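Heads up, the chain below is alone and in the form predicted alone; it's given as structure tokens.
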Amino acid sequence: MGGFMKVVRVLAGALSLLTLASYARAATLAELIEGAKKEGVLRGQWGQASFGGSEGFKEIVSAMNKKYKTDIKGQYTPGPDMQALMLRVIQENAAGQPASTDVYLGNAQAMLDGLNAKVMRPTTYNQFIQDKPATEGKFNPIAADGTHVAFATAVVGVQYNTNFVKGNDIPKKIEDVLNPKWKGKIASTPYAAGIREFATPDFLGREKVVDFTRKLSKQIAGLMRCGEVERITSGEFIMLAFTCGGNDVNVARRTGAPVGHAVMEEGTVLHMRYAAIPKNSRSPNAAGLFIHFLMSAEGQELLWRMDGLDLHLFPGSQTKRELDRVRAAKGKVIINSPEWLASFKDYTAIQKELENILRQK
């Protein structure tokens, strides 16, 4: 009997999701708005340190309602890191359960995991997004198959405490963080942020970066997660090599916090932030409207204020100005996208190798 009821629940969940699948095929913004009004609720879940957390979600939904004359009720739940949240969405989809979050926001690696698991809903972004960003080379922020949209850019570099790292001491090249004066005073991340992309053939290559990481592991005093800027401003560590992006520094500096962010002369990696709608989203139209808002001028301005980032491919972008300086100095700029990651068959293995080196210091 118990097994029978389990099958019934799974079938009921699947039927519910099939019903929802009839939505989110809006050809116009007006159709999307009408679909969102019928759904009435938008559930959001991501880390409290990302995108302004609960306060950011509340402000974005409020501004979205004002712009589109809707009354969507926002329900935010603090979630795990971006990759762990995607794993949760994948598991929920496999179990025939609704997704914990109606709209997914995260990084390229998590998005690649979701695409491989085929849990992202193809959506007509190209039809209803009105403010389309520019493309850059082969990179199009709006995926051709409609599975995801890049809505913001975080620029990888070195974060430092400005009370202890000043003038000529501010790192300019990657090797500068190995200066003996920083031994036992600096940190890296447990997931080798930035470093893992430096190891790709498009940047410095595996051999050079593995050697660098071994030296860095003897230099650092510990590991910290991105978004823990207070561990730098407090002086627990005086430098983080390397960051997931300098956006949290942009926010912290507005309060007068003693923190800076430097991009290396060799170049940088752009940690793009992606939005997508899980196939098992209960409010796909409201999720699509949320993404539409993030791609608007108002949404980009709100992202910059709440989380210190915006999309560098929009005219007037704050992040674009920073990148223009890197490019003027002939630094290499690489866009971290799911498609770019998928082109390296050994990327995951290299990341694990670098993580193990850093954790076995």
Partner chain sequence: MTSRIRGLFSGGTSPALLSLAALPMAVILVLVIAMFWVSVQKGALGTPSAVYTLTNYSAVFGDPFVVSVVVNTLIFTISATLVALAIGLPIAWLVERTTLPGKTFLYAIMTLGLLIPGIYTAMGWTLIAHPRIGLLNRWLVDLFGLDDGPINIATPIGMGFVQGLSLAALAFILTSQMFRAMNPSLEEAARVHGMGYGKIIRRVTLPLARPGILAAVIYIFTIGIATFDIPAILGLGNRVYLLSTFIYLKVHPQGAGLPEYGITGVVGAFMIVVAGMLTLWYGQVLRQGHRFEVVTGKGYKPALIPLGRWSIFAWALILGYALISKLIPLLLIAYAALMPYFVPPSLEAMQQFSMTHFYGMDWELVSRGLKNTVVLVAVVPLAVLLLAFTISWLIVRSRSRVRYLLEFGAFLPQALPEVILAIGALLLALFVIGKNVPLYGSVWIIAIVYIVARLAFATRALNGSLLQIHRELEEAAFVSGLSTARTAWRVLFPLIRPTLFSVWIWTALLVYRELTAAVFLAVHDNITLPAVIWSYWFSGSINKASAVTLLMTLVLAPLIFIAWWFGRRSQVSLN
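Nothing here was measured: the structure is a model prediction, and the numbers come from that model. Residue numbers count along the first chain shown, from 1.
The form predicted together with its partner chain exists for this protein as well; it is not shown, and the discussion that follows is about that form.
- request: Using heavy atoms only and a 4.5 Å cut-off, determine which of Q91, T162, N126, N140 is in contact with its partner chain in the predicted bound form.
  value: Comparing distances to its partner chain in the predicted bound form, the residue within 4.5 Å is Q91.
query: Heavy atom within 4.5 Å of its partner chain in the predicted bound form: which of D202, E230, D169, E266?
result: When its partner chain is considered in the predicted bound form, the option within 4.5 Å is E230.
task: Check whether K320 has any heavy atom within 4.5 Å of a heavy atom of its partner chain in the predicted bound form, and answer yes or no.
output: Answer no; every heavy atom of K320 is more than 4.5 Å from its partner chain in the predicted bound form.
- prompt: Is N250 close to its partner chain in the predicted bound form, meaning a heavy atom pair under 4.5 Å apart or at it?
  reply: No - in the predicted bound form, heavy atoms of N250 and its partner chain never come within 4.5 Å of each other.
query: Can any non-hydrogen atom of S100 be found within 4.5 angstroms of its partner chain in the predicted bound form?
result: Taking the distances in the predicted bound form, the answer for S100 is yes, it comes within 4.5 Å of its partner chain.
query: Does the 4.5 Å heavy atom contact test between S234 and its partner chain in the predicted bound form come out positive?
result: Although its partner chain is absent here, S234 would touch it in the predicted bound form, with heavy atoms inside 4.5 Å.
- prompt: Since the chain is shown here on its own, which stretch among 257-265, 127-135, 148-156, 173-181 would lie within 4.5 Å of its partner chain in the predicted bound form, judged by heavy atoms?
  reply: Of the options given, it is 257-265.
Partner contacts for 53-77, taking its partner chain in the predicted bound form and a 4.5 Å heavy atom cut-off: Heavy-atom contacts within 4.5 Å come from S54, E55, K58, Q75, Y76, T77.
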